[in-house]
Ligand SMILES: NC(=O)c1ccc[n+]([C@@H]2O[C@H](COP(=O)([O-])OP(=O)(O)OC[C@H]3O[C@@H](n4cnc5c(N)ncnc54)[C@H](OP(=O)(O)O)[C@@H]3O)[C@@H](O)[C@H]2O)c1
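Presented below, as structure tokens, is a lone chain in the form predicted on its own.
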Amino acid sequence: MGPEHPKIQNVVIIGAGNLATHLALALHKKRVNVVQVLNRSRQAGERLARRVHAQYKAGFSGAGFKADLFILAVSDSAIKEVAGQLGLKDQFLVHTSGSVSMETLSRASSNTGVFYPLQTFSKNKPVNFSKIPVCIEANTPGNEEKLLQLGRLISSRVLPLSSEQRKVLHLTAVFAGNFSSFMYTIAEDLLKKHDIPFSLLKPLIRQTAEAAKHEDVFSRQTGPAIREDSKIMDEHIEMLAGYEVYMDIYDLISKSIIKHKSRND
């Protein structure tokens, strides 16, 4: 990289939630200086600042440091408002959202981007950041190069995506992550009602996740819907008579599988 794109060495983290915490820790581990943590809640902000040897500043008005990058890791609904309070002018500002466009930051600074790690985070669960894809976007090629370099420090998979592409990715993450997780919840609920341990399903869940590592996931689809076994499906629907929502979900997904199969035959 030429001298016109110096690497990012000092960062300010804005927010102290799950993503802010894991990102700050991952950067700190790779010897990127987290110089300041900005957060409304003093307790959470000071706790994170201590862990990465940074200064804590209450609130979001006027960041007290010059830094190479300001990382906005707050809720999607707060991004525009918080960005506007920072008073950065031309300092490099990114948000970490999957569904908010880069354009949302355009009034907050003349140097903007997105640094979106595709994963769900909880504070107390350790994260191996090297396995988490990081999707980046920036308003200039120089800024993009800086984010690529920063991303590669902590992740083995960093790729540029436009705001539109990132929105599609975020939507699919809801299907692949949130919705599949709710399917496990339905299974657990039904099993509990019949005193059957959920642990019996865990080898099957692991095997299904393994199959998803391959391309063309649908070619590995199993179950009564792919076989169009209407006798079993009718039996299952009957068993769900007391669970209207689960019955609707079962019926809709089964029909979707059959339709998808007929389109691909």
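Predicted model, so just to flag it, every value in this text is computed and none were measured. Don't overthink the numbering: it's just position in the shown sequence, from 1.
One more form of this protein exists, namely the form predicted together with this ligand; it is left out here, but the text below deals with it.
This chain is displayed without this ligand, yet in the model of the complex the stretch 95 to 103 from 181 to 189, 157 to 165, 138 to 146, 95 to 103 comes within 4.5 Å of it by heavy atoms. Remark: all three candidate residues (Phe60, Val74 and Thr120) come within 4.5 Å of this ligand in the model of the complex, counting heavy atoms only. For the residues Ile205, Ile237, Ala44, Ala211, the 4.5 Å heavy atom test against this ligand in the model of the complex is passed only by Ala44. Contact annotation: of the candidates Arg227, Arg40, Arg220, Arg51, the single residue with a non-hydrogen atom within 4.5 angstroms of this ligand in the model of the complex is Arg40.
Contact check for Ala24: every heavy atom lies farther than 4.5 Å from this ligand in the model of the complex.
Among heavy atoms of Asn18, some come within 4.5 Å of this ligand in the model of the complex. Taking the partner from elsewhere, Ala78 is found to have a heavy atom lying within 4.5 Å of this ligand in the model of the complex.
Proximity of Leu88 to this ligand in the model of the complex falls outside the 4.5 Å heavy atom cutoff.
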